[in-house]
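Below you'll find only one chain, the form predicted on its own, shown as structure tokens.
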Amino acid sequence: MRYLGGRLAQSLIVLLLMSFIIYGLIGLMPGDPIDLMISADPRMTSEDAARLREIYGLDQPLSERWVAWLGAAVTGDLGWSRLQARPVLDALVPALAETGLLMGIALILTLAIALPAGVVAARRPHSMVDRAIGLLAFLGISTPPFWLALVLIIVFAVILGVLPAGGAGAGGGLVDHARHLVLPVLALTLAGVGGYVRYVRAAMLETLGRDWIRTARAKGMSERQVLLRHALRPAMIPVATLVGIDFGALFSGALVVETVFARPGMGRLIYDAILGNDYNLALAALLLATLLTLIGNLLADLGLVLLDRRLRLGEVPQ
């Protein structure tokens, strides 16, 4: 409990600092919602604009506006989304559900492919199989997610016409929704699996050279038992750390992929909020992305303790 309390305090400090930084960056962007209202209504006078800025607090210094927003956010009031015409929290929940589904499926598929591929490559280092897996992993690492998403759209949606190019298919039932998920999940999985394959291979090679592996082989254990019982679990320790660190990168990749495929997730939400100067929605969405990254790191630390029982929570590297 002491460890979890300390990590919770660290996370709150990070969120506080990030809220100030993000609020400042958004506030320094050229234009504000009142400028958009002026461009949409030429009959609005300068006195009307000044009165609106006073009502919305835009005439106050940036630090005072941030303190006022923070006080409201602590009570659960994240403000009103001008673009969505509803409370920010109501706009975030469905978008987060879409992004969470996309990220969860992509992460499961990435690990399901990377773990056996890395183990096979480490089992026969420098063989043709190892070189082929390494080449495919290098191609995956070198390919930007947005470019890969565009290629998948051209091949499967434009040329073959077997999958939809974008959207979520919310009104077409479960099967239609799943068809709209295929290309975004494939783009995220192919973009992320290469790095995990290389980490799994490196960790397995290091583990297979340990003394307890030679002892297990000397006792007559089969190669399958050696790999699965004695080598795989300790090799997963650096991989679990990577999952926690890479959680934020996976979220960023999901934002890019969602924008390319026009999915109603967090990526499209943040993109529209920033372009439309919807301060409350953009701030809350970006802070939510920060919170998810912190949660990913905490889960990775807890996973290290489950993988290696010699560790204690207080000894997990911060």
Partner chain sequence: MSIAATPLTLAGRRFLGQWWTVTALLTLMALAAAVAAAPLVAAALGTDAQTVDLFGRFAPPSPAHPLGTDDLGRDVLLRLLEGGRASLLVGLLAALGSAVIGSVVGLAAGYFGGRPDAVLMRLTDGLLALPLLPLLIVLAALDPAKLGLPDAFVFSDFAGLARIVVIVSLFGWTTVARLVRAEALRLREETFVLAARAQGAGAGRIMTVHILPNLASSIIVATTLAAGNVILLEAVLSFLGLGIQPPTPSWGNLLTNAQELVWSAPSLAIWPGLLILMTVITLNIVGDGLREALDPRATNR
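In this text, rigid core is short for the largest set of C-alphas that superpose within 1.5 Å between two forms. Numbering follows the first chain given and starts at 1. These numbers come from a predicted model, not from an experiment.
From this point on, the text means the form predicted in complex with the partner chain, which you will not see here.
Engineer: With the partner chain left out here, work out from 178-186, 210-218, 106-114, 133-141 which stretch has heavy atoms within 4.5 Å of it in the predicted complex.
Structural biologist: After filtering at 4.5 Å, what remains is 133-141.
Engineer: Is it the case in the predicted complex that 120, 129 and 231 each bring at least one heavy atom within 4.5 Å of the partner chain?
Structural biologist: No: none of 120, 129 and 231 comes within 4.5 Å of the partner chain in the predicted complex.
Engineer: Taking heavy atoms only, is residue 69 within 4.5 angstroms of the partner chain in the predicted complex?
Structural biologist: It does not: once the partner chain is placed as it appears in the predicted complex, residue 69 has no heavy atom within 4.5 Å of it.
Engineer: Determine whether any heavy atom of residue 158 comes within 4.5 Å of a heavy atom of the partner chain in the predicted complex, and answer yes or no.
Structural biologist: The answer is yes: residue 158 has a heavy atom within 4.5 Å of the partner chain.
Engineer: Within 4.5 Å, heavy atoms only: does residue 284 come near the partner chain in the predicted complex?
Structural biologist: Close contact is absent here: in the predicted complex, residue 284 is far from the partner chain, nothing within 4.5 Å, heavy atoms only.
Engineer: Taking the partner chain as it sits in the predicted complex, is residue 80 in contact with it (heavy atom to heavy atom, 4.5 Å or less)?
Structural biologist: So residue 80 does not count as contacting the partner chain.
Engineer: Please pick, from 44, 62, 274, 52, the one residue with any non-hydrogen atom lying within 4.5 angstroms of the partner chain in the predicted complex.
Structural biologist: Contact with the partner chain in the predicted complex is made by 274 alone.
Engineer: Between the options 93, 85, 74, 154, which residue brings a heavy atom to within 4.5 Å of the partner chain in the predicted complex?
Structural biologist: Contact check passes for 154.
Engineer: Quick one: which residues from 208-242 get a non-hydrogen atom within 4.5 Å of the partner chain in the predicted complex?
Structural biologist: Stretch hits: zero.
Engineer: After the core is overlaid between the shown form and the other one, has the C-alpha of residue 9 moved by 2 angstroms or more?
Structural biologist: After core superposition, the displacement of the residue 9 C-alpha between the shown form and the other one reaches the 2 Å mark, so yes.
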